[in-house]
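Given as structure tokens, the chain that follows is alone and in the form predicted alone.
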Amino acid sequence: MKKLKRSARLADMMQYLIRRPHQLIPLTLFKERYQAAKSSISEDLQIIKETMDMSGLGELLTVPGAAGGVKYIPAVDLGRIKSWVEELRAGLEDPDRLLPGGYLYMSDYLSQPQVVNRIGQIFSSQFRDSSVDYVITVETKGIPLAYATSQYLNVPFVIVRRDHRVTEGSVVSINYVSGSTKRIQTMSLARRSMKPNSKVLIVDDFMKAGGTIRGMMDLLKEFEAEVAGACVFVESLATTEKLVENVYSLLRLGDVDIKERTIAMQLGSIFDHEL
């Protein structure tokens, strides 16, 4: 790379860091990349750190020592994004979104890259210090959210299938009971999809009683995996008998009156302990 002016160097360095979250980058890499003195690189990183703090992009951590460097950790300030989540809440209260069984039509939100990426950043922020190895979801609507979350954590994401696919080779399958319908269903995961004894974050789009998340937790036991936690876009309050606890939700679905065509949404559990 040719020698850049400082303004261009700062812009390029910021992009380099943002594209590599949770990755330790040695200062020597920047020194060689920009043909600049170590002192100049350190000053640049301090400016970037202050910019990230001010704009709410996350943290820039410095790791001292010969094998050290800098690491960008995406994070969000819940106070800053609350108004954005309130807009989502208001949009989901549109009565035209009502579906049979008390469900909501949310596919339009889950197909918007800006919305999905923002949710992924929020989810990843809750587990930024948890050393997650994989993000896992069940097909199909949770896939965009799991991908976005894994991108910010810089780890692979894994898809649990409801039907075995021959292209995935040997699989582990279990039966689980749906928390809402009480029906026995099947889910499977390819044996090659993750290493044993991994730490896993579960992500899904909607949770009613938590049967699907409980099923994924049981499936992960077959891989001797540790569940770091679970996040959902919308959590239903229709039932108090949850099969899982301590699930982070961005929004909660409260009272749904099909006759009056009204929907009551609330902020989710992520905001319960907001400082």
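So that there is no doubt, residue numbering starts at 1 and follows the sequence shown. All values reported here derive from a predicted model rather than from experimental measurement.
Unshown form predicted in complex with another copy of the chain; subsequent notes refer to it.
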In the predicted complex, which of 46-54, 24-32, 242-250, 219-227 comes within 4.5 Å of another copy of the chain (heavy atoms)?
-> 46-54
Name the residue from S173, S130, N154, T181 that puts a heavy atom within 4.5 Å of another copy of the chain in the predicted complex.
-> N154
Among the candidates E139, E93, E86, D77, the residue which, in the predicted complex, approaches another copy of the chain to within 4.5 Å (heavy atoms) = E139
May I ask you to state whether L99 is within 4.5 Å of another copy of the chain in the predicted complex, using heavy atom distances?
-> yes
Does D255 make contact with another copy of the chain in the predicted complex, using a 4.5 Å heavy atom cut-off?
-> no
Decide whether I18 counts as a contact residue for another copy of the chain in the predicted complex under a heavy atom distance cut-off of 4.5 Å.
-> yes
Should L10 be counted as a contact of another copy of the chain in the predicted complex, where contact means heavy atoms within 4.5 Å?
-> yes
Are there residues in 107-127 with a heavy atom within 4.5 Å of another copy of the chain in the predicted complex, and which are they, in order?
-> S107, L110, S111, Q112, P113, Q114, V116, N117, Q121
